[in-house]
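Only one chain is included here, represented as structure tokens and corresponding to the form predicted on its own.
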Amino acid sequence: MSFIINGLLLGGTYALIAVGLTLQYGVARIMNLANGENLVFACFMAFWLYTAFAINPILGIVIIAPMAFVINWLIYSYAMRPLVNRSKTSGQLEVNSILATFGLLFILKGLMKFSFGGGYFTYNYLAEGISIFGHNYGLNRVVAFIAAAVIAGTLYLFLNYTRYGTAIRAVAVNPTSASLVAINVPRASAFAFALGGALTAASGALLSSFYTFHADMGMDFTMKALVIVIMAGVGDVRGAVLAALMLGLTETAIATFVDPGLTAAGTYGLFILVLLFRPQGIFGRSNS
């Protein structure tokens, strides 16, 4: 039972990271390889707010997420939209965005190393145990999971029960058809990209409360998010949440029953199996 709860607590944080990339890739059609650096930047911001101003990471999201939204909106408007305008096919856009965000990855990483150095950072927030079904778990992990669930639930309500959320889902399905029903596709894409960045930043703030972080770890989380997005099916937000929980359970089970050093191997092994036998994603629809 304990490894299941640990897996769910871990997967809940993964879910926000993956949903952020799902919006950026599934709606804006930008494969953002700098997504993990966005998360790490949020970790540093949460650390700074907590150590300098005693603002806990949950409240810090109110500052960090809007800041990330604005930064990602500017990135899309001035760096990604020119690529969108000149790419003649979706495949060309994907290649161009991968190359552009690969460069952005190193720019952001360099700025973080310049500002914070290359050391490891952590801080003491709710570092105490809480008993669940007779086992102790970190209170900071439990609180982070609850906050992630609330944010994910709010996103679900927004996407499914608001007019603009419906417009974003329409752009994800078919941007050409969406433009025919008076949806401003460029603006919706920019909004989705910025919202995805804000969600990733929120997950970074939560992750920082129980995870030792450093400036070089962004790519690890980008790859985890990419694995989850492919497992779920590109553009499927609900599938991304379920796939994130599956990945958290898989990693925890391997660390508990096999060897902690093999968690990455298990993650990518699962990824390869999905590509081989379910290329449209576990929750995606087959075209056949």
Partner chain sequence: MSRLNKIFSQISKQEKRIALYCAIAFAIIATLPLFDQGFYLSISVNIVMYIVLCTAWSLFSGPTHYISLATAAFYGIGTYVVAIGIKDIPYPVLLVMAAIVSGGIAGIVGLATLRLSGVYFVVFTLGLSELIRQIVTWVQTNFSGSSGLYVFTDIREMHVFWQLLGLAVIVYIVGWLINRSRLGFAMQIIGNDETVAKHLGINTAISKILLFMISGAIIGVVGAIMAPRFSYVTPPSAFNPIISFQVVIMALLGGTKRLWGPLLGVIPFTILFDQVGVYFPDQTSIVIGVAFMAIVYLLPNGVLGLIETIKQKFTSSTKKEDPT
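Positions refer to the first chain, counted from 1. Remember, it's a predicted structure, so these values are computed and weren't measured experimentally.
One more form of this protein, predicted together with the partner chain, exists but is not displayed; see below.
Participant: If the cut-off is 4.5 angstroms on heavy atoms, which of these, 170, 104, 139, 159, is the one near the partner chain in the model of the complex?
Facilitator: None of the others qualify; the residue that does is 104.
Participant: Of 253, 245, 55, 226, which one comes within 4.5 Å of the partner chain in the model of the complex, counting heavy atoms only?
Facilitator: Comparing distances to the partner chain in the model of the complex, the residue within 4.5 Å is 226.
Participant: Counting any heavy atom within 4.5 Å as contact, can you tell me which stretch out of 200-208, 110-118, 181-189, 142-150 lines the partner chain in the model of the complex?
Facilitator: Checking each option against the 4.5 Å cut-off leaves 110-118.
Participant: Can residue 45 be called a contact residue for the partner chain in the model of the complex at 4.5 Å between heavy atoms?
Facilitator: Although the partner chain is absent here, residue 45 would stay clear of it in the model of the complex, with no heavy atoms inside 4.5 Å.
Participant: Does the 4.5 Å heavy atom contact test between residue 49 and the partner chain in the model of the complex come out positive?
Facilitator: Contact with the partner chain, no.
Participant: Give a yes or no for residue 86: in the model of the complex, does one of its heavy atoms lie within 4.5 Å of a heavy atom belonging to the partner chain?
Facilitator: Residue 86 belongs to the contact set for the partner chain.
Participant: Is there a heavy atom of residue 241 lying 4.5 Å or less from a heavy atom of the partner chain in the model of the complex?
Facilitator: Although the partner chain is absent here, residue 241 would stay clear of it in the model of the complex, with no heavy atoms inside 4.5 Å.
Participant: Taking the partner chain in the model of the complex, which residues along 81-98 bring a heavy atom to within 4.5 Å of it?
Facilitator: Counting only heavy atoms within 4.5 Å of the partner chain in the model of the complex, the contacting residues of 81-98 are 83, 86, 94, 95, 96, 98.
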